[in-house]
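Taking the form predicted alone, here's one chain by itself in structure tokens.
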Amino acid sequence: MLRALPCVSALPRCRATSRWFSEMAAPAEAISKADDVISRTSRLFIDNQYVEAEGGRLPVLSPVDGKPFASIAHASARDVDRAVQSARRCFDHDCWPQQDVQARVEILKRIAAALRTPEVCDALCVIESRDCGKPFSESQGDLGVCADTFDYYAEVAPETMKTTYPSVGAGATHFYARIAVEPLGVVGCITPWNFPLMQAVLKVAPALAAGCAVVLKPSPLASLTCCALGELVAAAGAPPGALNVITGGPPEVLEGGGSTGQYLIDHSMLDKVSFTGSGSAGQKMLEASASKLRPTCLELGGKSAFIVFEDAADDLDHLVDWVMVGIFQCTGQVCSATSRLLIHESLEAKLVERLLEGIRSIKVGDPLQKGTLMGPVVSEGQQQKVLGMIQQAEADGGKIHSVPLELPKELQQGYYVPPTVLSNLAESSAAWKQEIFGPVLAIRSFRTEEEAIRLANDTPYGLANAVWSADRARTQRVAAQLKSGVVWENCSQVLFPSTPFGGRQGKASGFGFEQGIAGLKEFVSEKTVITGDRTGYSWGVYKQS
């Protein structure tokens, strides 16, 4: 998903980044500050303290140039246990879960305010861009959503956590009921590398608002901003153990076998696991939780379609921009990317021509430099996967449309992939069916509305789709038939803190929600209490006469 910048009050707080912000470059003082933050915080955060890991350190390679620029802690099994035990103490013996919700609200507000200070925001944006390769302006958008998310849950938590008193019916004169909303417990949150801090905040903010204690484990490919989150939460007043941050593999393996992430999800003291990532890793989360009958929230992948009807011909400028937003921002590494473009056959030639003009205007390069619209993918492995999918598409008869990269010498060892459009693909081709997770747009044409809906729904995934038409009745009719958790009408990738995000149940994009009230309810447990309104009364079923 894409984000909005918090520094411009005229913009709505949504996950959409205006092209205007591509002109921003990282301030020199922020780059220096970022190094200070990394040196201070790139350790384990347990009990509100930064500590070294028994498992040693892991190098961090920047995708910008392929060179190491930092390292992170490699948490061992005992390190993981220390973090979980800390969270368990906080939840079971501290006042955190019993604390009045308003006290937690104030902590969330202070975290949001800290994220909006230029000193903190700019330094974290530099770290994010160096760590995962996204342009500085996109990182600013992510930080804005992080602050907005903490503020949103501060706003809605008091009402959501309130005890309610449902009607029990006119005949139940001797009873009344209440439904208490309680924090669920200790939660293990495992997050991905494409939106490192933002994806962590989408879990941490509602969990803290509910009164849960969290052990956060970000991806080793981009952990650094998550490491820094620990000190922000502690400085805002959260008690020791409310948020613990551990780093490590997989895929990195500890001495003697095993990985940090596996030790976390196997831990018996977790009450829930919340995961965002690939489908194969999601299966491992479920396997670890199955024997414990432990609730598990999964936000997985997608292969979203963007349907364009013939009446879009009069608004191609805006349409092309939304299509490009849907696939090229974050270098296409977005679970909800609208990576399949379905075009009405009467518009195909004209729209493809305009898209090719558009990709020629994308400046690919150093994400910290002014004017960069697209950075590298996150790792060499991801680069090789994406390039391999493009090559396979060509071998299968597809046509490749891209522009050769023109990178300066100092960036040529970075993990760059040119923005690419694939046409002439068979419905059965891997590039049409499988999630590529890179800046690759696959296109097909259709003749009828029914055919477009069939092609869009012909996927195991169910995360998101988009539809474009000047006919609002048509967009609404088509949206109702698309089998996904999110549908965009005449836009793409726009979400708000108040709108739930998650895959359609029964599809391969997972289950559970982030954002919205639904995202907060992932971290609560409802308790029904039935009260007899007086003593000296019973139903008399077994009463001795």
Ligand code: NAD
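All residue numbers refer to positions in the sequence shown, first residue = 1. As the structure is a prediction and not an experimental result, all values here were calculated from the model.
Keep in mind that the form predicted in complex with the named molecule is not shown, yet the notes after this line are about it.
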In the predicted complex, which of 159-167, 74-82, 94-102, 215-223 comes within 4.5 Å of the named molecule (heavy atoms)?
-> 215-223
Which pick from I443, A147, V325, I190 sits with a heavy atom within 4.5 Å of the named molecule in the predicted complex?
-> I190
Quick one: from I359, I107, L463, I453, grab the residue that has a heavy atom within 4.5 Å of the named molecule in the predicted complex.
-> L463
So in the predicted complex, does any heavy atom of K284 sit within 4.5 Å of the named molecule?
-> yes
Report whether the minimum heavy atom distance between F275 and the named molecule in the predicted complex is within 4.5 Å.
-> yes
P239: heavy atom within 4.5 Å of the named molecule in the predicted complex?
-> no
Might L319 be said to contact the named molecule in the predicted complex, defining contact as any heavy atom within 4.5 Å?
-> no
Pull the contact list for 404-438: residues with a heavy atom within 4.5 Å of the named molecule in the predicted complex, in sequence order.
-> E435, F437
